[in-house]
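So this first bit is one chain, no partners, the form predicted on its own, shown in structure tokens.
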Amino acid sequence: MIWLLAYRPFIDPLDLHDAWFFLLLPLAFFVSMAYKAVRVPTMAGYWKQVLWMSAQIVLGMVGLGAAFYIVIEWLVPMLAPVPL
């Protein structure tokens, strides 16, 4: 419990490099919640719109990750082969 006294959140961030993808879902949800709270004209259907936008963000990030993986792992080696 003593080690919590010296924790500085913005100077010493948590080491979550191996589990960053677990933070994608809450980040997408809270960004969607804030954006839709400002942008919708009425609150009717607010949560449906928040969940739909959250799904779009998560699917977009997964799609971008897959696209960059294909480009970096397959296309770049074909375009610029490294001589042995």
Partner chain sequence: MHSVVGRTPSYDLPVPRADSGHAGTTFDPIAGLLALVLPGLGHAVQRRYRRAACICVGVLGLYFGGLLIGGLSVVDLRSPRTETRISFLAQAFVGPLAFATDRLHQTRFKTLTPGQRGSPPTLAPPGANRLEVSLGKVNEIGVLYTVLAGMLNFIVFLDALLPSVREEESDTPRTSGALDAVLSKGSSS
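What you see is a predicted model, and the numbers here were worked out from it, not measured in a lab. Positions refer to the first chain, counted from 1.
Beyond what is shown, the protein has a form predicted together with its partner chain; the following relates to that form.
- In the predicted bound form, at least one heavy atom of residue 16 sits within 4.5 Å of a heavy atom of its partner chain.
- Although the partner is absent here, residue 11 sits close enough that one of its heavy atoms falls within 4.5 Å of its partner chain in the predicted bound form.
- A residue is said to contact a partner when one of its heavy atoms sits within 4.5 Å of a partner heavy atom; residue 69 fails this definition for its partner chain in the predicted bound form, lying far away.
- Though the partner is left out of this view, residue 40 does reach within 4.5 Å of its partner chain in the predicted bound form, counting heavy atoms only.
- For the stretch 16-46, the set of residues having any non-hydrogen atom within 4.5 angstroms of its partner chain in the predicted bound form comprises 16, 17, 20, 23, 26, 27, 30, 31, 33, 34, 35, 37, 38, 40, 41, 42, 43, 46, in sequence order.
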